[in-house]
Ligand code: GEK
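Single chain ahead, by itself, as structure tokens, in the form predicted on its own.
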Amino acid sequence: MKDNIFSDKLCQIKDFDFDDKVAAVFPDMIRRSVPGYETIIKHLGSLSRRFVTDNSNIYDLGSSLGAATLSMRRNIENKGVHIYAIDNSSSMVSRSKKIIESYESTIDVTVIEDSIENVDIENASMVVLNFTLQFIEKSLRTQLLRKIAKGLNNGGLLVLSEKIHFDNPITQNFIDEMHLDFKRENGYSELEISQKREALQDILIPESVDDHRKRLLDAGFSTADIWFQQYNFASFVAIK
């Protein structure tokens, strides 16, 4: 279904919410809004083949409609693996359950409706935070990453994908323009771009690459590096 949520002029623009309207158009919305999203999803499967171990757990935190979960599930050949897909949006959870159940697999998946801050991470070989941390209050981000690091087995992997901010204003400006061009090329009008930006401005707070790397290392990871970036969207790999 095509994303036209912000196509009409709104009298009042509310904070962005992952409600039924967003869930219904989410695949189209994120494909047309986030450069490189499909590449990241595809390669989560490749990363899972390298890092997932027998008799371990995988956590997809902020799982939305389950794209990351399904990518990993299709590529895992290990025994005794269980995937936990967690999201706090009832609209996303109800839809993702149906999507995931429609595919047969020997890998069990449990879809949970809850805040990711409440989830216990145990015996994990891989954890995914795919454009999720940016919606978590800044003061809680380090605590969450420490919990993830603690619950990961040695050699385990965290994939953290985020919209990033550049400290250099010149760089920030032209990268922003490139992202806007990306949205225009994908059919979004100036009105849609403007209204969605206003809906997100108080709840999506991006940080710099240095901020993310420092927090990951402080949280207990031994490495923290970018493996993929397109414009102002980057994906980090952090290994315990």
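Because the structure is predicted, anything quoted here is derived from the model rather than measured. Residue numbers here begin at 1 and follow the sequence given.
We do not show the form predicted together with this ligand, though everything after this point is about it.
The closest non-hydrogen atom of residue 88 lies within 4.5 Å of this ligand in the predicted bound form. In the predicted bound form, this ligand stays beyond 4.5 Å of every heavy atom belonging to residue 188. In the predicted bound form, this ligand sits beyond 4.5 Å of every heavy atom of residue 159. At the 4.5 Å threshold, heavy atoms of residue 99 stay clear of this ligand in the predicted bound form, well away from it. Within 4.5 Å of this ligand in the predicted bound form, a heavy atom is found for all three of 18, 64 and 135. Proximity to this ligand in the predicted bound form, defined as a heavy atom within 4.5 Å, singles out one entry of 175, 199, 205, 41, which is 41. Only one of the listed residues (110, 168, 123, 115) places a non-hydrogen atom within 4.5 angstroms of this ligand in the predicted bound form, and that residue is 115.
Proximity to this ligand in the predicted bound form, taken as heavy atoms within 4.5 Å, picks out 89-97 from the listed stretches 89-97, 148-156, 102-110, 72-80. Within 4.5 angstroms of this ligand in the predicted bound form, the stretch 30-50 places a non-hydrogen atom from each of 30, 37, 41, taken in sequence order.
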